[in-house]
Structures are given as C-alpha cells and as structure tokens.
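Next up: a single chain in structure tokens, the form predicted alone.
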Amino acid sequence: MKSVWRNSRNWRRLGGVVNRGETIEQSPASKASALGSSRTIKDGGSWVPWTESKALSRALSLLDARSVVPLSDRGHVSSSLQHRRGYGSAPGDSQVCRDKRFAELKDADIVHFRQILGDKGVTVDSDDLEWANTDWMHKYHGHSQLLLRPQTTQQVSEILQYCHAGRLAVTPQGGNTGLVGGSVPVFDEVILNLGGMNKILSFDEASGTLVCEAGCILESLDNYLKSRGHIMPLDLGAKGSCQIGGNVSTNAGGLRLLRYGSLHGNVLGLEVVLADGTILDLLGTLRKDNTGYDLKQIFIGAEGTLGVVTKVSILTPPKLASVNVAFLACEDYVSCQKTFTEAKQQLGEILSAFEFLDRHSLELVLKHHDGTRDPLPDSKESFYLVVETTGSNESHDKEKLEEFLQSAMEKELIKDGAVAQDITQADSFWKVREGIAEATIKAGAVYKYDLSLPLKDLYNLVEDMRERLSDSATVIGYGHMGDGNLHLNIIAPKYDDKLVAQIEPYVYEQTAAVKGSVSAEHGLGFMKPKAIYYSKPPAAVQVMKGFKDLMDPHGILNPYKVLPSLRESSAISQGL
C-alpha cells in the first residue's frame, strides 16, 4: 500500500483510484413503513457477575420452560389461543398471556372514538390495519381491530382518558420502524398513531431550538433545518420513516451520537399525555432549568409505557460547511480499534462519526441492497470503517484528515481507503453502512442484538457466535465503534426455536460478563423484557415498576413491553 495520496477527478484514495460513485436514492421500502405510507448481583454475600450466579441461571431457566405457538400457526389458532403470544427474539419463542385486566373492544367504543376524531381518524378495516399490526421486520404481528389517528394533543388526552376509564390497552405508534417489537400491539390493543401530528411549531435560529409535534418525520425535520443553517442532532438509517416522538420514546442513538450526544442531553422539553389523559406540559426551551426534578427524562427511552409524547423541544446544532467522509479498510479488529484511538487524538473536535462493519456485512449489503456499490472493489480486508469529520474550516479540516490518514497508513493500521470528493460520493459511502439493516431483512430470518460493550471486547461475541453456530446461520457484526455499540445480526433461512436456544441466553450472558448492556439503542420492546436483569439489578427494576404503577396504574400503555411480567419478576426473586 502506497503512503502517498493521489488526486483524481473522481475519488481521492490511498493507493489508487476507484470509479465515481452513483447517485443514491432513498429506499422506497424505508419510506413506506411510516404511517402506512411512509452487573452484578449479590450472591452469598459477595458481588459476582450475573453469569456466575447459579441463582439467576435457575430463575431464568424457569422462564424459558414455556409452550410455543409458531408464527405460521397464529393466524389460524382458536380465539382462546390468541390470548397467548410469542415472547422473545423469535416469533415463536416462549409465551406471554393477555392481561385479564384489559377490556375487549366494543362497538360503543368505536362510536365514542369517532365522536372525538371523526370518521377519517378511525380505521377498522382489517386490510388497512395490516401494516400497523406488523413491525418493520415482519417478525411481530398484533391483532388490533382499531387504529386511531389524532390530530391534536387534546384528542390524545380524550382518547387516553376514555381508555383509562374503560381499561382499554393502547399501543402508541410512530413510524413503526423499531426492531424489538415495541411499536406494534401484542394482542388487540388499540393503536394510537401520532403521524397526523406533524407540525413544526417554532424554530429559534439564535439558540437553535426547534419545537415540533411528535409525528414529524426525522428526515423532514432535518431538511427543514438545513435550509436554516442547522441539522438534527441524530441521524438514523430509518430517517425517511421514523418520527421524532418515537425517536424520543426509544432514546434513539444513530450515527451522530459520537459528536452530539444522546437525546437525554439534546431534548430540552416534552409535552406528554399520561395514561389517565392528563396533559403534562414540560415543553421548555431553556438550556438550564434546575427547578425540581427533571421529569422529561423518565419519558425519554420509556417506549411509550409511561406516557405518550405529543410535542418535543430539541436543541439543534449548526450545519457546518466542511464535511468529509472516508471509507477505510483494516486487516483486523485490533487495527480498527487502534485507528479509532488515532482518530480521536488527531481529529479531535471535528470527528463526527466512526462506524465499523466486517467483511460479511459488506458482502451482504452489496448482494441484497439495490444501488449499493463497493467503495473499495480491489480490497478484500476483513473490516471497514466509515469516518466522518464535520467542521467550519474546509482547508483546516482536510489537512487534519490527511495527517490522520497518513499517520494511520504509516503505522499500517489501514490497508486501503477512499475519501469522498462530493456529496454524491459521500452518500454512496453512507449507503453501504446504512443499508445493512434492510439487507439483513431481505437475506432471511434475522435475529438482531443491539449491545453496548467495552471497545476491546466489541467483536469477540461475533467470533464466538460464528464458532458456536457454525454453518447453521450467517453471523455479521457492525455498528457504532465511537459509542461502543455492536449490532450483532444472525441470519438463518427461517425462524427456528432450536437456533434461538443456541443464541439465548448465551449472548446476554456474555454481554453481562463484561458489564455490557443488552440494549444500547433499540430498547427492550416486546423482545427483551426479561433480559433486563442481565443489565440491571432487581432493585433497579423494582424502582422502574414503581414508576410504571404510579404513572399508569391500570397498565394500559404499551403493555407487555420493556418490563418483565409479575410472574417473571417473581421467578427471578425466588431464584435469587
């Protein structure tokens, strides 16, 4: 590999020239999903890792011993069996029972909702409900008979007041782009879709504070801000479909977290409707407000289980003029890690994203994602990096980037690479990274694990799973190296409970052993409530349950999500 940069009309590249990138259009599939169109525990007196606790293992084994109803059979089972649903990573994995506290929908209820919303705001047709009952991955499928589309906060309040009084369970829904089954009903919950609440209410150019309704599409907000010299502080692959209310409710991370931090820091205020219809006005726009408890924080990442977010006040950073994107090839994971350290030291304040993907991920996205092109077709290395810098001085930023790349080359940390010369080429680089999630769906049945891990351990689990599963599945690893966030994806021809038994709880045990988190940014949803104990001690979960009982005493908001059931919690307690 040559240590001299070469200039060309196309891409600037370490060691040579590749062809100019293609113009990339956003995938119609990602747009279509929105709105129907768009770590220890104390064991025997000493603190030990979860995986070393025999008590926890005994307790969790009790939870795994359940009957299974395969997904393919659920549309044809009797009404009594429809009161039990699969619970876990695979659609047929274990069971949860419909909560007997909840009422079943009646004609009188629909009449009442029509009085609140009018005919256009109420959907009961089974064909029209299909998309709202099914998650983005087509992995979880509910049986809701009613979809409501409010246009105002007052309408949301009246709906929840009625549901609270009548014990009707509700599933709040945004763009329905989640990956853990949190945005679709489990049984017959009423779907409350916020997509009709999509107005931008105000923008203060001096402070960069944006106030908008929860149904605004993330990409639409970003486009609005760019024309005013700002950008949203988060960027997701699903930006063309996801809604800001859902982003806040799941504490979405994404590609810009390294530079701008999480939504816990960027959200300045919220308007939230509680389970009983109370409108909680926390829609502040101040950077500093130390008056009492910061209540908005408990709704960020609560996945709609404590209240329904209806408005958001968010701090947006300025849109800086100088953006550079590099696509780099590394021989091994250690080189990726060292390159990240080098990037932090040499790029400093202009480093805005540092993503990694393995060779398996690259091959998958090239095969299954239309319009994706290999930025380094001559490279066959095992790992690739997408590195972005953002600053205000183009010549200064380019000089720093070149110095960083030159240093990384001399230290033999990177073997090949390219730097985009225009927005089209930059978009084509990002297309590779952002297209992986959609490519996995097209490749087969996918088990997705979203984990926070120490950087030194980030890729170990990928290698372990390849050895553990052998030829029974394809295992890929990619994610946000800058945040210590691994996306472990396991792809098989079909969902298989035997395969799940090889994956879980092993993945969670290994994550807990290095004091990681079983959910970095996707949330727990319907997939992982019982896995919470691998990352949080029982006492912390009990406090969370206390919040849930206080905010939603009848449990109507997004039931069966985030927190384990009483039976599961009891099993854990008995095991401990």
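Sequential numbering from 1, following the sequence displayed. Since the structure is predicted, the reported quantities are computational estimates derived from the model, not experimental observations.
The same protein has a further form, the form predicted together with a small molecule, not shown here; the description that follows concerns it.
Contact annotation: of the candidates 259, 448, 149, 415, the single residue with a non-hydrogen atom within 4.5 angstroms of the small molecule in the predicted complex is 448. When you look in the predicted complex, the only residue of 437, 465, 211, 231 with a non-hydrogen atom within 4.5 Å of the small molecule is 437. Stretch-level contact check against the small molecule in the predicted complex with heavy atoms at 4.5 Å: of 477-485, 341-349, 288-296, 199-207, the positive one is 477-485. When contacts are judged by a 4.5 Å heavy atom cut-off, residue 433 counts as touching the small molecule in the predicted complex. Among residues of the shown chain, residue 179 is one whose heavy atoms approach the small molecule to within 4.5 Å in the predicted complex. In the predicted complex, the small molecule sits beyond 4.5 Å of every heavy atom of residue 548.
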